[in-house]
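Single chain ahead, by itself, as structure tokens, in the form predicted alone.
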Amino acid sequence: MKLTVENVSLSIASKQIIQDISLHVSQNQFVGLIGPNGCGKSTLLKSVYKALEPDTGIITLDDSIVQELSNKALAKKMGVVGQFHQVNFDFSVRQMLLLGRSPHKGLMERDTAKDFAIVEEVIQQMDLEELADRSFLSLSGGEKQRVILGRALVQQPQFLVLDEPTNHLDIKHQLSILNTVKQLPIGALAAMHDLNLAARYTDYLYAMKDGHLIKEGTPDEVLTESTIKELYEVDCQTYTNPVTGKRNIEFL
């Protein structure tokens, strides 16, 4: 399933947050969105998963217009991992994961053996065995992030949107989560904070500043010293890692 964002602009309280954004994610492509805090990355992602309504422009998943899909229909197609995880009920981790099956259920329909099997598979995949019966509210921020990604995987989506998915995670689980996303046979769009992880895992990058896209291309094309200076107002050196063959950035 491919995502197309065409000429999307969005204002909040009369302030222009993003302006005339267009981007594309192909089937099986992992696309990253980079830029400084406040540049509009999260706002753009919220418009993609229909938490915010654009002022202008159109967003499509294959031939479906996202703005015209019901929330349930969209949830069958798209999984979302946001930055903040407010939960008002004290669910266990296993119960939180089972919520990922909700888009596939009718009213009052019970969970099936298939649903439980999918959850157990994701528990293994996300290294959640020791947390499965814990209260979600008792978890650390990084543990919660892994559960939320797990819930999205339980949905079995055809597209994935992630807002800084490695936020709060230790190095082991940063690499584990990004490896998992990279290996999924679906398209993914992720706002990313760590440029070295973006260089290592993404297939294509869009760079944002002040609500506009200023550059796009492969990580090698986007993660240049001049572009990083323009985005973040810091000096750096870039080089090709001889082990991974990927672009690496050292800040000066």
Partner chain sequence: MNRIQKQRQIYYISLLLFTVLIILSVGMGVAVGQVSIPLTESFQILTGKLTGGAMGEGTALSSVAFENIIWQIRFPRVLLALLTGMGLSLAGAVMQTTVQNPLADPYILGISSGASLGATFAIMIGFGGTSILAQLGLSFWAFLGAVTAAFLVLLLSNVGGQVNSIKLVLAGMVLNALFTAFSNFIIYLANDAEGIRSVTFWMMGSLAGASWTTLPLVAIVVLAAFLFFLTQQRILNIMLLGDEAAITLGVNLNFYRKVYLVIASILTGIIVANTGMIGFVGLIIPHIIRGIVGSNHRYFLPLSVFSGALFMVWSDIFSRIILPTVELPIGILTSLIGAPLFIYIFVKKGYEFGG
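Only a predicted model underlies this, so the values are computations on that prediction, with no experimental measurement involved. Numbering follows the first chain given and starts at 1.
Omitted from view is the form predicted in complex with the partner chain, to which the following refers.
**Report entry** Residue (of 102, 158, 180, 167) lying close to the partner chain in the model of the complex, criterion heavy atoms within 4.5 Å
**Finding:** Looking at the other structure, the residue within range turns out to be 102.
Report task. Check each of 118, 75, 128, 149 and return the one that places a heavy atom within 4.5 angstroms of the partner chain in the model of the complex. Result -> Selected option: 75.
Query raised in the report: Counting only non-hydrogen atoms and a 4.5 angstroms cut-off, does residue 50 reach the partner chain in the model of the complex?
Result: Judged by the heavy-atom cut-off of 4.5 Å, residue 50 is in contact with the partner chain in the model of the complex.
Query raised in the report: Could you tell me if residue 96 has a non-hydrogen atom within 4.5 Å of the partner chain in the model of the complex?
Result: Yes, residue 96 is a contact residue.
**Report entry** is_contact(residue 175, the partner chain) in the model of the complex, heavy atom dist at most 4.5 Å
**Finding:** Looking in the model of the complex, residue contacts with the partner chain do not include residue 175, since no heavy atom lies within 4.5 Å.
Query raised in the report: Should residue 171 be classed as touching the partner chain in the model of the complex when contacts are defined as heavy atoms within 4.5 Å?
Result: Looking in the model of the complex, residue contacts with the partner chain do not include residue 171, since no heavy atom lies within 4.5 Å.
Requested in this report: Name the stretch: of 24-32, 203-211, 64-72, 222-230, exactly one has residues whose heavy atoms fall within 4.5 Å of the partner chain in the model of the complex.
Outcome: The contacting stretch is 64-72.
**Report entry** Residues within stretch 105-125 having a non-hydrogen atom within 4.5 Å of the partner chain in the model of the complex
**Finding:** Read in sequence order, the residues that approach the partner chain (within 4.5 Å, in the model of the complex) are 105, 106, 107, 108, 109, 110, 111, 116, 120.
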